[in-house]
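Form predicted alone, single chain, as structure tokens, below.
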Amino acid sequence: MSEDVFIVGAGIHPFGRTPGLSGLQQGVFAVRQALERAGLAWRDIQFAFGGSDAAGNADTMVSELGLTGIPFINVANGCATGGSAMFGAYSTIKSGEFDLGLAVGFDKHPRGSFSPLPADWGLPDWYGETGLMLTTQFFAMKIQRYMSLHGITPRMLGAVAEKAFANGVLADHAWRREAVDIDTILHSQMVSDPLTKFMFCSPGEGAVALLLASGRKARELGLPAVRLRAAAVRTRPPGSFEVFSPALDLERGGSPTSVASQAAYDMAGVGPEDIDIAQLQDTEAGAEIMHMAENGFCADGEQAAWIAEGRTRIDGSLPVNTDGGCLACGEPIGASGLRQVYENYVQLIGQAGARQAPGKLRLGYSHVYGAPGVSAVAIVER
């Protein structure tokens, strides 16, 4: 019989830029904060999964936290690194092997865009020579196609970004904490048509740590907890069109997000209509719009009505990216997916402060997506 899995504590190092602190040190900060809030010591943790893209191996933080001999697994899975680390911790506790573990993610990226190399992703050099390894161009091309097919307008992209910055003002851990009005967003520098500079997130810094426990251990600790009803990671199916795809198939298929989403719903025994709050990958404003449909919350094209009616705002029927998402927090790759789960955790236990969504929240949904077409989805329940 598999174990129920609970999140019993969480810590976060503020996202943005932190001169003088390495990414690894930010990870240590997040772990220590999670332990302190839970009244636990590092020696209590039985295992850990951790990941970083550009800031070193997570397991080396034992030099700072203590040499307890803990099994510590390094994870690297693109933008889904954090979600994959949590999936590993979730699966370990569910197996019954351990009762209390850690999922941690951190990163510290230099200024500027990510600079992946074609060969590292199994692609020929010509793909990079076209400029498509620069993800700002790929995302712009993808949302242009989606807008043409489903009636999405540039103003809707601007509205998504405006909401993100408004939510970021209310989140202590956000990087961008100033509101930006929609006209400023729409008329700012064009980066890659139709996406302006305020419609993109920025590579950044930050760290998140989550403490996961079995049902028995969670009851013993008596801490504010949420049940991890589902954790699913999936790669791209045939016919999908993802980051670093060298071509668009004539016969279109699903996406890694739609596959991971359905797997998570099936695992949790719920549907999109049951979700009370959602954190969706918003590497750029168009991503949030597309992912609303890919995660099953609406049909393609229905986002127009959702945005116009304010349904995704904090006081809406389905609050989305309540801490400002990647647009306001930036994207330290190793930490980004865990930030989403952290946000749902504090929302469901009623500790989100000024950005607390109203009403009784039962189910929180998080979705992260990355190259070359991998998606992780988690559903938590209070």
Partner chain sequence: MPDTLPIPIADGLICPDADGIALLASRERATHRLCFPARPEDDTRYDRVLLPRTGRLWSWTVQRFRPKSPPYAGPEAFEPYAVGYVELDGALIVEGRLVDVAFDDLAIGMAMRVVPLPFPLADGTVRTSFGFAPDGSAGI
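Values in this document were obtained by computation on a predicted structure and should not be read as measured data. Residue numbers count along the first chain shown, from 1.
Although not depicted, the form predicted together with the partner chain is the subject of the following passage.
Proximity to the partner chain in the predicted complex, taken as heavy atoms within 4.5 Å, picks out 245-253 from the listed stretches 245-253, 296-304, 178-186, 226-234. The partner is absent here, but in the predicted complex a heavy atom of L134, alone among L134, A76, V169, I73, sits within 4.5 Å of the partner chain. Comment: the partner chain is not present in this chain, but in the predicted complex one of E309, E273, D120, E129 has a heavy atom within 4.5 Å of it, namely E129. The closest non-hydrogen atom of P116 lies within 4.5 Å of the partner chain in the predicted complex.
S214 falls outside the set of residues with a heavy atom inside 4.5 Å of the partner chain in the predicted complex. Among heavy atoms of E220, none comes within 4.5 Å of the partner chain in the predicted complex. Contact check for F241: a heavy atom falls within 4.5 Å of the partner chain in the predicted complex. Residues of 134-164 placing a heavy atom within 4.5 Å of the partner chain in the predicted complex, in sequence order: L134, T136, Q137, A140, M141, Q144, R145, S148.
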